[in-house]
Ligand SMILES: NC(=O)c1ccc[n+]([C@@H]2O[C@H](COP(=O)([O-])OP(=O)(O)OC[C@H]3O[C@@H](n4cnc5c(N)ncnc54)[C@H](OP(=O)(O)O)[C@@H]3O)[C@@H](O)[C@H]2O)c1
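For reference, the chain that follows is the form predicted alone, supplied as structure tokens.
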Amino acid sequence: MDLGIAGRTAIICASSKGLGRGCAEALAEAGCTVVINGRDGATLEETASQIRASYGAKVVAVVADVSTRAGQDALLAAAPEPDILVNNNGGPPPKGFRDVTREALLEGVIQNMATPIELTQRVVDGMIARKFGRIVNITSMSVLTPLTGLDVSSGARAGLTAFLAGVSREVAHANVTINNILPGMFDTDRLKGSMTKMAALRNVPIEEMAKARMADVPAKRFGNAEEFGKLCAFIASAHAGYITGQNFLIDGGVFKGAF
């Protein structure tokens, strides 16, 4: 399917690897100029080179921490008038709620709520003026169902979802949409890191922990960044102008809800 966004410019935050990279690759394949971002310059440039080679796309690599004003400025200097913004950022490490300090709580809110709101504020009026805009927020299935140890992440991402729910309706008249993708267990460094910690705590091999986690997924596998990116690209496409303010759960069936 032609997604109708060839020639558009997309900023994809935290996209040197993982789900962000999956989104960048799918948008590059759709013909977009992609601005990718990460804090490790070597990893970021390797990703940029691979995307250029695979899709022949124009790729701009910006080394920056999107949680900072300077990092946001750098992204918008590279693409002052983006048509597509994919908000993504690292989440707080798993921690029992009794151990969460005020500093950790505020950092989580900055990373997973304030940062995407700030970027949305900075790009949305230009999108309205141009009568096209797609903002996609990568949140988590923990917005819908609690995951032990991810209370800070869940709270901040749920706050982002609630904040932008009304905003998405305010801007829809101008063909500007705001939607959220809620991933479950995907084969990423973050999942591997959490499984490694759990395996060590339980004194079992990491392979055994992975099998146990996979057994909890009705699809009997972890998701991959490529399929996640395809969903992101469709939500960002010209065909998705009538979809806004929605949460797209992609978790292999883990969340047991009829609605």
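Just so you know, these numbers come straight off a predicted model, no measurement behind them. For every residue, the number given is its place in the sequence shown, counted from 1.
Not pictured, yet referred to below: the form predicted in complex with this ligand.
- Comparing 196-204, 24-32, 52-60, 66-74 against this ligand in the model of the complex, the single stretch with non-hydrogen atoms within 4.5 angstroms of it is 66-74.
- Contact between residue 237 and this ligand in the model of the complex is not found at the 4.5 Å heavy atom cutoff.
- Proximity of residue 89 to this ligand in the model of the complex falls within the 4.5 Å heavy atom cutoff.
- Taking the partner from the other structure, this ligand in the model of the complex has no heavy atom within 4.5 Å of any heavy atom of residue 229.
- The shortest heavy atom separation between residue 180 and this ligand in the model of the complex exceeds 4.5 Å.
- Between this ligand and the residues 168, 161, 120, 188, the one pair within 4.5 Å by heavy atoms in the model of the complex involves 188.
- Heavy atoms closer than or equal to 4.5 Å to this ligand in the model of the complex belong, across 130-161, to the residues 138, 139, 140, 157, ordered by sequence position.
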